[in-house]
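What follows is a single chain, given as structure tokens, in the form predicted on its own.
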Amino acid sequence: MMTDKTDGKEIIGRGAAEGARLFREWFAELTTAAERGEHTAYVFVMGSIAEILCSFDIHLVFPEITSLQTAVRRVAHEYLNAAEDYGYSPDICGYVKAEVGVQLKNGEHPMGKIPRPTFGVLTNACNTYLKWGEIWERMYQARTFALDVPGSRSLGGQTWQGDPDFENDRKYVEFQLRELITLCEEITGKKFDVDRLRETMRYTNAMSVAYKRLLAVNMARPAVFNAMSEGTIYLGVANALRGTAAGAKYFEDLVEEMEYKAANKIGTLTQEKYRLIFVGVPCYPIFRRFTELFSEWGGAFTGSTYLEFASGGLNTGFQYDLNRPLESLAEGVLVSVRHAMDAMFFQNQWLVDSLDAFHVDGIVYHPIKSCRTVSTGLADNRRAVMAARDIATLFIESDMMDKRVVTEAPMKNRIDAFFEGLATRKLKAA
């Protein structure tokens, strides 16, 4: 509980400041690991298996996060150019090319030094992951472990606990996790400690409860955080500090802050006029300006599919059973990775369900050049949502990494026209 002494003055803005501090410390730890040559696993936000890796004291590098940070800090072009000069096509994933550029620059990064991979852990949640791992194999002869997680067969065809098909899938994932444990023992020379695993899973449980509550509290009017811009900070902490005491405390404190803001009607904007949902990955090369193009009109993003599929399953609120850790971890991996894939490919029903709950005025679709996995099908998704509900939508294309394909002027024209349409809708409704 917040004390009377703070009176809200110390709590507001705490999440953003603390998130930035924790993120800087995480990069500092990676720099130290690089200098000492400590064991490092390259992992991805969809299926990092952080709980097992942390139980072996293995440092985690998220190439997606390190790549997007180069774009936020406006130096992505240096890394993209290095990769393209090396022979990579301009037409492939910008995250991949930026990360290759980091490796070609010997790990030099605007936030510190990225250590070389001891090994990589890949899932099939994104088609790029598996090919990405092959780059580390070629560059460093690093070993990779590919985790095959069965996805949803069709929209509405998901299976859940108690279904025989789900149990078969869970056993399949559990067998692979046991193989990963054997690999970690071989690489580190340490024996697997199930109590350490339980400890990391306990922290993830706490994070998951808080993260799910965080998303729900933005139903408040006005919205207490911007799901696109501020949400990116929360995502970074959610992945980098998954399964840690610091990560659990951060999200518990963050929920306290947001609930205080909701109770006192303190919004992320001074004056909220329109409530929006964001679909896709943000435009990082002009991240601040991209956010301003919406906030200047009083547009607040109350929700984002990015906070769903890139959260490592924390959005589901899934709770591990610590009495059966490996079995439950396999169950959680199956649920979370499958849900991440669903949030990319089958998100239209989630969007329809969110419109009333979050009091949404419009949906912004942002397909990007660099990521066909996220962007493919967004036009069809938009048509399906508009057929189901009378909702204003905006479809704008740019990129998450490459400033060469980001042109602010025409983007602003489209966004301005979108808000003018929203204003007309409000007048008609009134």
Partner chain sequence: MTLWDAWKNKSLDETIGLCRDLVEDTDFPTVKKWKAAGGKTLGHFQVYFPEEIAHAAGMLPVKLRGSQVDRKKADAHFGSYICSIPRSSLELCLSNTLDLDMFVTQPICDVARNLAGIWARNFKYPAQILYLPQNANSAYSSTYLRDEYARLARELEKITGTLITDAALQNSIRVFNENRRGLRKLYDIKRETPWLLGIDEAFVLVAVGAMIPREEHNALLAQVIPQIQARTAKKQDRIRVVFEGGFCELPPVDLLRVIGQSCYVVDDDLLIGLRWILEDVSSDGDVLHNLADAYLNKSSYSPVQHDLRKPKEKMLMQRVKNANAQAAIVTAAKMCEPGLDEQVAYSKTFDEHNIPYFISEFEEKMTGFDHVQIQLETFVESILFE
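Fair warning: this is a prediction, and the values are worked out from it, not measured in the lab. Numbering follows the first chain given and starts at 1.
Only in words, not in the display: the form predicted in complex with the partner chain, which the text now covers.
K.L.:
Among 37-45, 22-30, 55-63, 376-384, which stretch sits within 4.5 Å of the partner chain in the predicted complex, heavy atoms only?
P.N.:
That would be stretch 376-384.
K.L.:
Just checking whether residue 138 would be counted as a contact of the partner chain in the predicted complex - the rule being heavy atoms within 4.5 angstroms.
P.N.:
Residue-level check for residue 138: yes, a contact with the partner chain.
K.L.:
Is there any non-hydrogen atom of residue 124 lying within 4.5 Å of the partner chain in the predicted complex?
P.N.:
Residue-level check for residue 124: yes, a contact with the partner chain.
K.L.:
Please run the contact check for residue 179 against the partner chain in the predicted complex: heavy atoms, 4.5 angstroms, yes or no?
P.N.:
Within the cut-off, so yes.
K.L.:
May I ask you to state whether residue 160 is within 4.5 Å of the partner chain in the predicted complex, using heavy atom distances?
P.N.:
No, no contact at 4.5 Å.
K.L.:
Looking at 226, 348, 200, 354 here, can you tell me which has any non-hydrogen atom within 4.5 angstroms of the partner chain in the predicted complex?
P.N.:
If I apply the 4.5 Å criterion carefully, the residue I get is 348.
K.L.:
Quick one: of 257, 230, 169, 308, which gets a non-hydrogen atom within 4.5 angstroms of the partner chain in the predicted complex?
P.N.:
Result of the distance check: 169.
K.L.:
Quick one: in the predicted complex, does every one of 292, 298 and 429 get a heavy atom within 4.5 Å of the partner chain?
P.N.:
No.
K.L.:
Taking only heavy atoms into account, state which residues of 63-94 are within 4.5 Å of the partner chain in the predicted complex, ordered by sequence.
P.N.:
Contacting residues: 86, 87, 88, 89, 91, 92, 93.
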